[in-house]
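What follows is one chain in structure tokens, specifically the form predicted on its own.
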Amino acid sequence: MADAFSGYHPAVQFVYFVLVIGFSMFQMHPVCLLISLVCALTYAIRLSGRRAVRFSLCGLLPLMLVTAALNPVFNHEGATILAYFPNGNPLTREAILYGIAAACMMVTVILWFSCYNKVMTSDKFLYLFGRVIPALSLIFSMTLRFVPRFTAQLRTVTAAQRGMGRGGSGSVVRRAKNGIAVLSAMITWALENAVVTADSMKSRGYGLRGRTAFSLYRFSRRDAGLLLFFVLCAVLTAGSAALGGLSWRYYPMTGGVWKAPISLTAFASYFALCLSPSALDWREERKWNALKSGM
């Protein structure tokens, strides 16, 4: 599903994802974690629809629960003891809360990266970094494309094996042989695809000095305005954090310092930053609905 933010310049998109992923990884304030998680999930659903919902419920929710549960099992710091494990180690409220926060952070980062893969395609990444770091940008672009292409090819090979009567049924030895055949075909495909891609890019003169490249991307006033807005939101959020507006700790006791104007500024600017792509979609939808109603 194409969205309004995907139509902006790749530099604007890249800066946005660097900011939101960076803040999500290093800002552990519970309000910021909740803002980032909700906005990332909202944008992922707008991009992928039911697939994002299924991925969140079947993949991310169990991962979040397991991560949140493991922290108090291995981490026993904290002043508020709730109970004791059979081995004598304490179960603390602070360890439980930190486990929930760490799980939210991990799931949020995964969601933002899934949105990044939808918006920042390989051609956009090559456009941004192809001249600066041609070899590294090509490798990184191929790496990002490898997982979805490998999954699609795996489905094709598995379907072909089943058509030949080599499905997942039968004895353990037979299933193992069928699995080895599929794995061998996938490894051969991956190596051959890498060689073909490298030869193709080399024959086109990729990475040579003076090589020109056609591009449809143009940096416009609209891109400059949105980029300025992202930078302003990031500066306000980081500045508020530096002034103590996002001060929060989990050990030895969970709590933080509330500074009304500074904290509110941080929350508002961070919320505006995280919600921007979805807000752009909603604005475009309203415009389209208004045009349709006027026809």
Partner chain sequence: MKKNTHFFCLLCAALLIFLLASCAARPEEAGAESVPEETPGAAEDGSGETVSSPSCTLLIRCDTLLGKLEELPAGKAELVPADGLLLEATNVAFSEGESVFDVLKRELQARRMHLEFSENPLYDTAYIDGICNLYEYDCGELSGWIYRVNGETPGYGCSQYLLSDGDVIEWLYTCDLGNDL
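Everything numeric here is computed off the predicted structure, so don't read it as measured data. Numbering follows the first chain given and starts at 1.
Omitted here: the form predicted together with the partner chain. The next part is about that form.
> Report yes if any heavy atom of Gly99 sits within 4.5 Å of a heavy atom of the partner chain in the model of the complex; otherwise report no.
Heavy-atom contact with the partner chain at 4.5 Å: absent for Gly99.
> Is Pro62 close to the partner chain in the model of the complex, meaning a heavy atom pair under 4.5 Å apart or at it?
Judged by the heavy-atom cut-off of 4.5 Å, Pro62 is well away from the partner chain in the model of the complex.
> Although the partner chain is absent from this view, report whether Arg149 comes within 4.5 Å of it in the model of the complex, heavy atoms only.
No, Arg149 sits far enough from the partner chain in the model of the complex that none of its heavy atoms falls within 4.5 Å.
> Is it the case that Met253, even though its partner is missing from this view, gets within 4.5 Å of the partner chain in the model of the complex, heavy atoms only?
Heavy-atom contact with the partner chain at 4.5 Å: present for Met253.
> From the list Ser184, Asn89, Ser220, Ser171, which entry has a heavy atom within 4.5 Å of the partner chain in the model of the complex?
Residue within 4.5 Å of the partner: Asn89.
> I need the one stretch from 125-133, 190-198, 175-183, 111-119 whose residues put non-hydrogen atoms within 4.5 angstroms of the partner chain in the model of the complex.
Answer to the contact question: 190-198.
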